[in-house]
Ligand code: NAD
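What follows is one chain in structure tokens, specifically the form predicted on its own.
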């Protein structure tokens, strides 16, 4: 990687609101601080938008909507392609910026840049492939025309844990479909989104097509935008409780919604599993992004006959981790996002231990500068432990055991969530059964990472609605219209 000067990079990142193609400060002049979770140092002060600022952003999106919707698909696709190429060209600076504001090691930020950029390339290609159909109706009395059209102005709310990929995964398909957008990044990590939107402006995206409001007053600003009858689509990634509240508000305007919500991913290891592959998969599924991912494995459900060996091997791997600031060479585990995340992880571990679980490694917050928590393995977790029902969002691997396939499936499905599951087995028939039996939107069968721009990402049950990525992703931003015409030969 190219050596990036942190100070010079931060000086180039815009800190204002981006509305109607112009950078501006909040109407009130207020700002809020963005901090490095590894040191608590202030990285930047960013504009703190008000309700009026949010509505001004929506005004700009509405004003640009018709022209963008009628822009040729090839033109929309080429703009996304140029954005993809420029993100790739500036790969190292995007990686550094994510590490500074979110904390993940540079190697993982590097991976996110590659992943996030792919949504721009994928949906740039999909823009020209929006199709409809034409045919004779069954009675032969007329012709049926089915066409696809952009839904209209969209409000996109992104989370803090994948600052680039969550922005591109929403902005990419929206722009490809011909929609204009207002983006509200998380107040903990807004800098990457601001830097990316500056890049979109640089490649020539017309004014008003993408607008960004940064704010600590998420509730009032979001409520005002969602309540506006000109808005036609809401996309949110975040917790299930917040998603549930947003759905209720979106119902008033009958908005199209996409919700990527919480997870409680089971990781099943059967007695016939390749343990080397299972351990490698566990390290990726659990500790990628410091465990701060909705796709992170939450419950390791391991066959009793291999549980001890699996626990020994993952513990050895965890003991090899290096904890520290993500910008430092060799660091594999960075800080959690804030003190609340530390307290949550610690309380879940303590609850499990109070019910009889054993800590094999880690199990405590790390004192000193930054918000660090020891990479942890907990085994013999008892039923009823909070760590089995709540999303951990930290570097804690918890193990429970099972005796047969039916029990494993029952434990895996015993949750209100259904985003992703992982399963390791050499039995092909069992793998096929798990595809049918596990109540989840995605399944990693003998793999520890499932995310891919060409695949539909999303969950079932209380893990959300809709899909992002894949052929399905662009249809979240399109509405279907049907036209009947007379029989031209009558």
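Numbering follows the first chain given and starts at 1. Since the model is a prediction, treat every value here as computed from it, not as a measurement.
Keep in mind the form predicted together with the named molecule is missing from the figure; the text below concerns it.
Engineer: Just to confirm, residue 76 within 4.5 Å of the named molecule in the predicted complex by heavy atoms?
Structural biologist: Residue-level check for residue 76: no, no contact with the named molecule.
Engineer: Find out whether any non-hydrogen atom of residue 395 is located within 4.5 angstroms of the named molecule in the predicted complex, and reply yes or no.
Structural biologist: The answer is no: residue 395 has no heavy atom within 4.5 Å of the named molecule.
Engineer: Is residue 415 close to the named molecule in the predicted complex, meaning a heavy atom pair under 4.5 Å apart or at it?
Structural biologist: Because no heavy atom of residue 415 falls inside 4.5 Å of the named molecule in the predicted complex, the answer is no.
Engineer: Taking the named molecule as it sits in the predicted complex, is residue 119 in contact with it (heavy atom to heavy atom, 4.5 Å or less)?
Structural biologist: No, no contact at 4.5 Å.
Engineer: Checking a candidate spot here: are 16, 180 and 192 all in contact with the named molecule in the predicted complex (at least one heavy atom each within 4.5 Å)?
Structural biologist: Not a single residue of the candidate spot has a heavy atom within 4.5 Å of the named molecule in the predicted complex.
Engineer: Which pick from 347, 218, 71, 315 sits with a heavy atom within 4.5 Å of the named molecule in the predicted complex?
Structural biologist: Only one listed residue qualifies here, and that residue is 218.
Engineer: Heavy atom within 4.5 Å of the named molecule in the predicted complex: which of 160, 270, 372, 84?
Structural biologist: The option sitting close enough to the partner is 160.
Engineer: So if I measure heavy atom distances to the named molecule in the predicted complex, which of the stretches 99-107, 316-324, 232-240, 203-211 falls within 4.5 Å?
Structural biologist: Answer to the contact question: 232-240.
Engineer: Suppose contact means any heavy atom within 4.5 Å; which members of 255-293 contact the named molecule in the predicted complex?
Structural biologist: Those in contact are 260, 261, 262, 263.
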